[in-house]
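Just the one chain here, laid out as C-alpha cells, in the form predicted alone.
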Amino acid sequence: MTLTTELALLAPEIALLIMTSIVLVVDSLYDNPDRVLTYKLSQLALIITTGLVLLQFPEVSTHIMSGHFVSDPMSAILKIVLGLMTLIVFFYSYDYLLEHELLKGEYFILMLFAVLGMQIMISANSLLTVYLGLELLSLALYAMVAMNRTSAVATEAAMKYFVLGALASGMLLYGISMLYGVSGTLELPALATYLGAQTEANLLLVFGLVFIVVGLAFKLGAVPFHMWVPDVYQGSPTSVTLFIGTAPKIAAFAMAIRLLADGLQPLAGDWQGMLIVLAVLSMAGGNLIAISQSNIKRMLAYSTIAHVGFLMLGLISANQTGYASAMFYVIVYTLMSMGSFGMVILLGRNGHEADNLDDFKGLAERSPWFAFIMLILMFSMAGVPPFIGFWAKWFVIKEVIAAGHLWVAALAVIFSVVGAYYYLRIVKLMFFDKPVQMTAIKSSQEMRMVLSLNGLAILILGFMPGFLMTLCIEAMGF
C-alpha cells in the first residue's frame, strides 16, 4: 500500500491534530473572555473530522502503518458517533462554563486531544497503538477534572483519578508486556494467530490476560474497579462529567473489542468467566448503591457502573452478534447519559449546580416540556418499552441467553427491575412533588433545541431500533 493511500486513511486523525494545534495557537493569541472563536473553531474541527470519516467510509477492513492501524466499518461508525457526541457536549457546555467562570481555552483543547486519543484507540490494531491512544485520552481527562482550580473537591477527584488511572495503566502495560514477551508480536491479528496455534496452557499468557482484563475493567468503571467513578463524577464540573460519562465509554468499548475479540479471541474461554463475574458485580453494586444516593451526579455514576455490567453481557457471548449488541448498547447509553447530564446543566442557575434530586421537584410545573424530556430519558435508562433503552437491554440479554448463560440473564432482568426504582423516583419528584422554588429556567435557545432533539431521538429510535441494530451487526460482520 502506498504512502498516499495510508495518509488518506489517516486523514481524520491528521486533520483533527492540525485543527487542535490551530485552536491552541488562536486561543493563546485571541484575547476574548467569551472564547467564541475557540468554541467555533473546536466545533469546526469536529465537523471536519467527522466529515472526512463519512467521505471515506470503508466497506472492508484495511490495515495500514505496518499493521498498527485499521480502517474498518466498526471504527468508522464509532468515530462518527464520537464526533457527533462531542459536538453535542460542546453545545451543552458553553453556557455552563461561561456562567461558572470556567470558560478557558484549555477545556476545548484538552477535549479535542482526548477525542484524538479515542480515535486512535478505536482504530488500534496493535497492543502499542491501544496503549498510546489510551494514555493520550487519560492525560487529557486528568487535566479536565482538575480544571476548577478553586475547588478542593475537584482537586481531590483529579488526584484520585490520576493515581488510580496510573495504577490501571501500569497493570494494562504489564499485561501487554507479558503477551508480547510470549508471542513476540504487538499486532493483534498476529497475536490471535499465535494463541490459536497453542495446544498447551501457558501461565504467562494467563497472567497477561488477567492484567489486560483488570485494565479494561478500570477504564470501563466495572466493580470492583469502580472506586474512582462516583468521586470523579461528583467532583468534576458538570460539563466535564458530561464528557467523561459519555464519549470515553465508546472508546473503552472499542478497546475491549480490539483486545478481546481481535487479539485474545482464542482465549475466550478464559476471559468469558472473568467478564461474567465483573458484569454481575457491576449490575448488582451499581443498581443497589444508586438507590441510596441524593446527589444526581453520584446516582448517575452508579447508574453508569450498572450499565457497564449490561454492556459486558454482550461481550460475554464472544461472537459477532454479541459484540454487535454491546456496540448497540454503548451507543444508546451515551445518548441517554448525555441527555441526563444535559438536564442537570439546564436546571443550574446563578452559578448553582442542580445536582441534588430535590432540584428536580415540581419540574412539570416549572417547565412541562423539559419534564417530558427528562421522563423520556429516565424511562429509557430504566429499560421501559418502547424507549430505546429497552431494546438495548433486550439485545444484550437475548445474546446472553443464546450463549447458554441463562442464570446471568435472569440476574440481569432482576437488577434491571431494581434499577427502575431510582429512575422512576425522579419522575415522581418531577410530576408529583411541589417545586422547591419557581425560578425560571434560563438557557440559550441553542441549548434548549439540542437537548430537546436529544430526548426526542431516544423516543424515535425506540419505535424503530432496527436501523441502528442492523448497522451494528453489519459493522461487526467484517
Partner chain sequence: MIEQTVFYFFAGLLLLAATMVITVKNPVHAALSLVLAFFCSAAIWLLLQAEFLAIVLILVYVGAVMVLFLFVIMMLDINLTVLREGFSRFLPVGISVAVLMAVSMGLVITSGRFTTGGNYEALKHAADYSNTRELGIALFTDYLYPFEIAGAILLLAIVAAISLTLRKRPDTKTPKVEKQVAVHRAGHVRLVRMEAEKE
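Nothing here was measured: the structure is a model prediction, and the numbers come from that model. Residue numbers count along the first chain shown, from 1.
Absent from the display: the form predicted in complex with the partner chain. The rest refers to it.
Peer 1: Can D95 be called a contact residue for the partner chain in the predicted bound form at 4.5 Å between heavy atoms?
Peer 2: Because no heavy atom of D95 falls inside 4.5 Å of the partner chain in the predicted bound form, the answer is no.
Peer 1: Though only this chain appears here, would L406 touch the partner chain in the predicted bound form if you measure heavy atom gaps against 4.5 Å?
Peer 2: No, L406 is distant from the partner.
Peer 1: Would F69 show up as a contact with the partner chain in the predicted bound form if we use heavy atoms at 4.5 Å?
Peer 2: Output for F69 is yes: heavy atoms within 4.5 Å of the partner chain.
Peer 1: Please determine whether I291 contacts the partner chain in the predicted bound form, using a 4.5 Å cut-off between heavy atoms.
Peer 2: Looking in the predicted bound form, residue contacts with the partner chain do not include I291, since no heavy atom lies within 4.5 Å.
Peer 1: Okay, which stretch from 129 to 137, 281 to 289, 397 to 405, 232 to 240 lines the partner chain in the predicted bound form, with non-hydrogen atoms inside 4.5 Å?
Peer 2: It is the stretch 129 to 137.
Peer 1: Using a 4.5 Å cut on heavy atoms, which of L173, A192, A318, M147 is close to the partner chain in the predicted bound form?
Peer 2: The residue in contact is M147.
Peer 1: To verify the annotation, which of these, I109, M378, A251, L346, has a non-hydrogen atom within 4.5 Å of the partner chain in the predicted bound form?
Peer 2: Answer to the contact question: I109.
Peer 1: For the partner chain, considered in the predicted bound form: do all three of I120, M178 and G181 come within 4.5 Å of it, counting heavy atoms only?
Peer 2: Checked in the predicted bound form: all three residues contact the partner chain.
Peer 1: Pick out the residues of 377 to 401 whose heavy atoms come within 4.5 Å of the partner chain in the predicted bound form.
Peer 2: Heavy-atom contacts to the partner chain in the predicted bound form: nothing from 377 to 401.
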